[in-house]
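Next up: just one chain, as structure tokens, the form predicted alone.
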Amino acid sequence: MTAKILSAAPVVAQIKKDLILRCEALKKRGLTPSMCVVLVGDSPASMSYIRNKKKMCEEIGAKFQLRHLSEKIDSTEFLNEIDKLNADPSINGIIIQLPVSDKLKNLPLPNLVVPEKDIDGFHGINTQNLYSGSTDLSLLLPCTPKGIINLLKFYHIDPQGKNVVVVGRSLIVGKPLAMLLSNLNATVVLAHSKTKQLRDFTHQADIVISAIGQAHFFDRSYFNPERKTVVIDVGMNSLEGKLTGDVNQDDVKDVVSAMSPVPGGVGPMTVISLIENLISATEKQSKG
């Protein structure tokens, strides 16, 4: 067998059509969804991510603005900037682009944006929805987990009753994703750098999701062809000047049943989920 490629392109196109209609409906009521990204410093990688967000925002008819702050900004000034944005009724969604400068790393960044404008889905009140068992994807959930579930749904891959191994326990991807999959009735193993005999877990998995940030970490030895495993690759790594995932796709393509590509898989799903959160946030704010 050769693995089916789970491309984001048709999923994004479908979601985008719906978001354009929802954005138009808001505009007819005099509300144009508006996103503000707060960037500290001049990271080229951050600028690249921001361009993608701006492009998608504009494609669905929403407003985009960038609040570009100096790397030298201190925590008091930074908090004042966030407070102003939180209080500004013309801004519906706020993102603090990571990473921030060393001066700001000790701030409680996930909770600085008010929950109703937290379109990254990191605020404790928003992540609480996951802990209470919700599977409602219209909530302001973390964007990469939301994007992965939408990708699986589009390709009719139901997590219910499946053995799922999530590798990587970050607060942005691994932990919220494991909780969301558990809410969808999957049996989830949350593996990480201290997990012993990782292959024992992946050999029993129906779905493996990697978010460890190590280029080509997973080769064919991690997969049991009889399981017909689905592989979702969240990794964004540079290898010989090329963007590549955590999975050596050429090596595993004949031992797994399906896999998301890098680029063109989870990345675009994360961006469209962010825009989806913006529209949902605007709709909820408009209802007061």
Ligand SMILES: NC(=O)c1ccc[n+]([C@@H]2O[C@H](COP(=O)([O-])OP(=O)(O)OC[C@H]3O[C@@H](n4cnc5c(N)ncnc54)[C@H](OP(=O)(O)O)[C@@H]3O)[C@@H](O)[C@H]2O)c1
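Worth saying up front: this structure is predicted, and the values here are computed from it rather than measured. Note that residue numbering begins at 1 and tracks the sequence as displayed.
A second form of this protein, the form predicted together with the named molecule, is not displayed here; the remarks below concern that form.
Contact residue in the predicted complex, from Ala211, Ile94, Met179, Leu152 (heavy atom within 4.5 Å of the named molecule)
Contact check passes for Ala211.
Select from the listed residues Lys162, His123, His216, Arg169 the one whose heavy atoms reach within 4.5 Å of the named molecule in the predicted complex.
Filtering the options by heavy-atom distance leaves Arg169.
Partner-facing stretch of 187-195, 70-78, 85-93, 126-134, counted where any non-hydrogen atom is within 4.5 angstroms of the named molecule in the predicted complex:
Result of the contact check: 187-195.
Is the gap between Val266 and the named molecule in the predicted complex 4.5 Å or less for some heavy atom pair?
Heavy-atom contact with the named molecule at 4.5 Å: present for Val266.
Does any part of Thr202 reach within 4.5 Å of the named molecule in the predicted complex? Heavy atoms only, please.
Thr202: no, not in contact with the named molecule in the predicted complex.
Contact of Thr32 with the named molecule in the predicted complex (heavy atom, 4.5 Å):
Contact check for Thr32: no, nothing within 4.5 Å of the named molecule in the predicted complex.
Looking in the predicted complex, any heavy atom of Thr270 within 4.5 Å of the named molecule?
Flag for Thr270 set to yes.
Within 231-250, which residues have a heavy atom closer than or equal to 4.5 Å from the named molecule in the predicted complex?
Going through 231-250 in order - heavy atoms within 4.5 Å of the named molecule in the predicted complex - the hits are Val234, Gly235, Met236, Asn237.
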